[in-house]
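Considered here are two forms of the same protein chain, supplied as structure tokens in two stand-alone entries, structure 1 and structure 2.
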Structure 1
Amino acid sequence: MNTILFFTIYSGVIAFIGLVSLFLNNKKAIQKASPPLSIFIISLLSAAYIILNFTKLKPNAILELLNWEIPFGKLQFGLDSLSGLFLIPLLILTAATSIYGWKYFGQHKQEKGHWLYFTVLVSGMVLVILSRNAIAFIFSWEIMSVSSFFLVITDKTNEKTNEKTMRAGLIYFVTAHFGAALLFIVFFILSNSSGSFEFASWHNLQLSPFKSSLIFILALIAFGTKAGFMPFHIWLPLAHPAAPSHVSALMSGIMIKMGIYGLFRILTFISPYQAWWGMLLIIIGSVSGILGVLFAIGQHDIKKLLAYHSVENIGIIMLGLGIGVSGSAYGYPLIAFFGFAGALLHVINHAMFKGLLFLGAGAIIRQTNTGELDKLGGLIKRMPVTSVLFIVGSIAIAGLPFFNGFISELLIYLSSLFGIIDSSNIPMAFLAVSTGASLALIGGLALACFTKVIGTALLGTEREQFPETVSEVPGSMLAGMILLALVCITIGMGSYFIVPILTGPISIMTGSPNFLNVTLMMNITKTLTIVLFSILVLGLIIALILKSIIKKNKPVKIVNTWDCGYSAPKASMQYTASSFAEPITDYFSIPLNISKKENVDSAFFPNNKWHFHSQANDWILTKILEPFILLIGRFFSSFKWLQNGRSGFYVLYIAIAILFLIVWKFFI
């Protein structure tokens, strides 16, 4: 069976499973388990299939095409190595989130159509990646957007939650369709220039610099609303906390990457790249990455915190893409190669560790009924496996060695390093320095943020007394998290085997396989793999030796923790999320728009009413976008008189529109 047919069938089968779920009885265990287990098995086997067949995908051409004739045109689907690369994290994450979702709802009411919306979302994303003409792409994009809207508004446990969830869903819906409207303009310009809706005809169009720049800007905004980089991130911190956690993992891990995929694909149509495009992408990446992680540090709800980290990691991807475009525009293939490689690999890596973190957060919320960090604490004793897996995701997202986030960020660092060393072009060197400095700051702040999360939620003692029933989550939920954790470790330790698969997609971005310096990349990844394995093995040996020496010479004694003079320390004396983050949030108080609530007693013997709470307020939403949206709303409200309820007026509107089209056709 050819690969494109295989995945077209996959999208249909997955959607069919969701349709069948409507007729199953959720009270019977076997029927309740059938949809998630079926999705898990089929997605995992499909992921193995694409990984094993990835080398067969030609780097610079569509290997297979599937045409489906419909009344108003033709739906065309195809597969190349760029599409295949995005399919891999999609399938793995679908498998992990589906098996996790089986037991996630517990005693909570599960919406009857949940698995239908879930499978339609997956099918829509698969078809977006496979689409090879404008009609198929828009059709698939709309399927993805509408199904994810229904998933966002799933949680309707009470009136307050319902109102908050519906607001988040509506903001997402409007934002998604604003981006879709711009896509129509982008595709209209490209199809008008080529005379065809097919992507294949959009290559080598020889567009003018103005037209290619116009397409780039429109595509950047259109796909940016889905990707969620600043300032188009407004729906992300609202939709992700509202959705069920496995849906949040799927949306944050891979759905927002459909915006990144679309941007990558559009860039293949409008080469050669212009230098200022790369500069703009780096600026967007720096702002999104730094402000995203800063806003995350200022959050106290664990899912909202993770949502802002999605903005941060999209910023990292944009940094890699930006320096790749800059290297290509200025004629530095090595800079471009490692920039594109880092961006593409971070697409996969972010899907894995962010999916793992959202699933871990969902497990905590499910067991404790809260996601507020200041109400948690000591969970590593109650939920040891979940806690360890969450720590794995935290280390990976912070970009530390032995895990996958380190590898993709290292590739972007290498691109910056080559830009500084090899570039005799001052603008290129400046962009390289800016990229490296921004990435370093983002990494340091991310490490601080997840130190806060782990310290307040998992370590220490319980801030509020949990019931005895709070314990580890069911095995199926752990299975989804373990799958993603294993991928994080595999990529982190096996870069020599993982990174070479990027050569095909990179050659699509650069337009030529001769652009690649594969030998250098293989040497770097081989050295890196050997060094990481050596450090890991040496560290384990040293740890075992020290443990045996300490155990032999000095018996371990269990004593009370030193408590700074307090005879009876309380859980409230621990660092809170606000107090831990205060040194950082104070330093960046202006961009974070920090608000504080504190009640301080300066007496020698203070009472127990001390209180401190800080909150980072997203001024981009409250100060810029909300007033703009209200202004637009007032403008269009002034035309309400057109909708007067009289059928005669509506017939007149139709006649005027037809007359306008006739005049346009014959006289313009």
Structure 2
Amino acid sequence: MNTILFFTIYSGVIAFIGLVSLFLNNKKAIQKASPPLSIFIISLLSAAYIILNFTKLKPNAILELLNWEIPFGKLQFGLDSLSGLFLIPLLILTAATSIYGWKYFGQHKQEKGHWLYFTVLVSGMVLVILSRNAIAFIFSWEIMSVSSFFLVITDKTNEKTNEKTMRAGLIYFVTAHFGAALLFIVFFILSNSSGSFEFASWHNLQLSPFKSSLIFILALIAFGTKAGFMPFHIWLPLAHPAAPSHVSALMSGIMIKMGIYGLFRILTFISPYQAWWGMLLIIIGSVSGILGVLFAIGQHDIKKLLAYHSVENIGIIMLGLGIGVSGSAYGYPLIAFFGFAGALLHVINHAMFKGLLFLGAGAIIRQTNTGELDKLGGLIKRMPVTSVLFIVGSIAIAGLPFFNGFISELLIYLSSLFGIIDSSNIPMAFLAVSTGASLALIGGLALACFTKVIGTALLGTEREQFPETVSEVPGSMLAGMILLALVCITIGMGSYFIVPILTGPISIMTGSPNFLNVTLMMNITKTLTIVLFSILVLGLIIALILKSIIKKNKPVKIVNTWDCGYSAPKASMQYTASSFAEPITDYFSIPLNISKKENVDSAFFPNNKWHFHSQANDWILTKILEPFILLIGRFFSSFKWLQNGRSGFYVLYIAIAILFLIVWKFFI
């Protein structure tokens, strides 16, 4: 069967399931289960289908559906390997989040339209990926934005969060449409040059450097608002915590990647690239990577923290993209190859581990009713499987070996390495070294951040005694997480088998890649896979030796934690997330705009409880954007006397209008 048709039908079927779910009764188990389970099965099968057919995807195949009577050309769909690459994580994540979402709501009332919005979001994203006509693209883009908006505003547990949710929804919707408006312009410029709204006509346009730069900048902002790199990330930390967790997983995991997809797609139209684009991308990437992770460290709400990590990971993708673009611009196919490869692989990887982490966070929130790190603790004993999966996700997101995050970061590092060593071009070398160094810093900080999360939420003792009900989540929720964790490990350990899929999309980006580059990548991943496996074997041997030693020695004793002589350690004595992050947030307190809440009793014999809480406040929204909007609002409201209720004035306006027109048309 034609793959394009297959996925067009897929998007229709998925949306149809959502529509049907409106008429189902949530109180009956089978009816409640059928939408998520059917989405799960269909998506998983489709994922398998596309993975198996990945090499057969044709770059220029087009499916025409309707004879579109809108003056925008034909409604065209296509599926090349660049689209396919984004489709894979989308399908896997859809499967994982849908099965997770089945029982996520538990006792809480599930919103009637939940599965409808969910499926429409998915089918919107599939259509974005498939669209080969600008207007179809914008339409799908809008469908995606609107449905996810509905998903963001579903949470209405109480008055306080509700206000936040509304604000998040508003800001999300507005930024999404800001991007969409710029998107029009981008597509208009392109279609103005080619005379058609069909993507196929946009290749090899031979645009002037100014025009292509204009397209690039506008596209960067337009897609950036969706992708959420700095400074367009404002909606992200608001919207992700507001949505239900599996929706956050879907949004953070793949929806923001649609921005990246768009950027990749636009870049295919405006080659040859210019060097400063790469520089701009690298600057954006490093700023949003570093600031993103720093803000994450300053957050103590688990979902908000994860949201900032999305900003960080988008930054990493931008670094890869940036070095790829500069490699292309300076004429180093090797650098471009690895840069694009890293960026593309990181798209998949981030979808997987961020999905996993959001699902894990959701499981924690569902059971404990809080996402505040400083109220959690010791969950590894109550929710062992979730905790393991969360740790897997954490290692992966920190870019550490054995999991997928490492592979994509390694590819970007390699690109940067080649940029430094192999190129004699000085700007290239500087771009490359800043890419590598930023990546290193981001990696280190991400490690700090996730050790904080794991250390305070999962490990140690419970800060506040949880009720008995706090235990492992249902199997269906675990299944979703396990699916993603398996993908993380598979990519991390078996990179040799995974990276070939990158060659197709890269060839779309750069023209057919040098055979040597592909071989080089294959060789590296091959050795890497072997080395990683041998290290694991080594670890296993050492573990067995240690185990036998411990067994042979005196019996293991279990005692209290030793606290330098203090005999009764209490749960509240543990390091909190705020205190863990304090050195870092202190050091970076200026860009992070840290606010501290300290409650210190300085008497010799303090009676009050000491308390310390710090919070990083995103100043782009509160210090720049909102005052600006307020200013504009004030300016506007200074005109409100125009409608002052006096009919005399109203007639005066008519007279003025007449006089103005007569003067304009006859006397000027």
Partner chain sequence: MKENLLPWISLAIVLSNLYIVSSSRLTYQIRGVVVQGLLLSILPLILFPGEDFIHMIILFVMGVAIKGIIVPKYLLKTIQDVRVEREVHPLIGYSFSLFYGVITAGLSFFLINRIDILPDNFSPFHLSAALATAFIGIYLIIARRNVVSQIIGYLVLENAGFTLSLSVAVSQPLFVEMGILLDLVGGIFIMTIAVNHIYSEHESLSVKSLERLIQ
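Structure 1 provides the reference sequence; residues are numbered from 1 along it. Everything numeric here is computed off the predicted structure, so don't read it as measured data. Between two forms, the rigid core is defined as the largest C-alpha subset superposing within 1.5 Å.
Participant: Tell me which of the two, 1 or 2, is the form predicted on its own.
Facilitator: Looking at both copies of the chain, structure 1 is the one that matches the description.
Participant: Is residue 19 one of the residues whose C-alpha moves 2 Å or more between the two structures after the core fit?
Facilitator: No, residue 19 moves less than 2 Å.
Participant: Does the distance between the two CA positions of residue 48 reach 2 Å or more between the two structures, the core being superposed?
Facilitator: Comparing forms between the two structures, the residue 48 CA shifts below 2 Å.
Participant: Would you tell me if residue 657 moves between the two structures by 2 Å or more at its C-alpha, with the rigid core held superposed?
Facilitator: Yes, residue 657 moves 2 Å or more.
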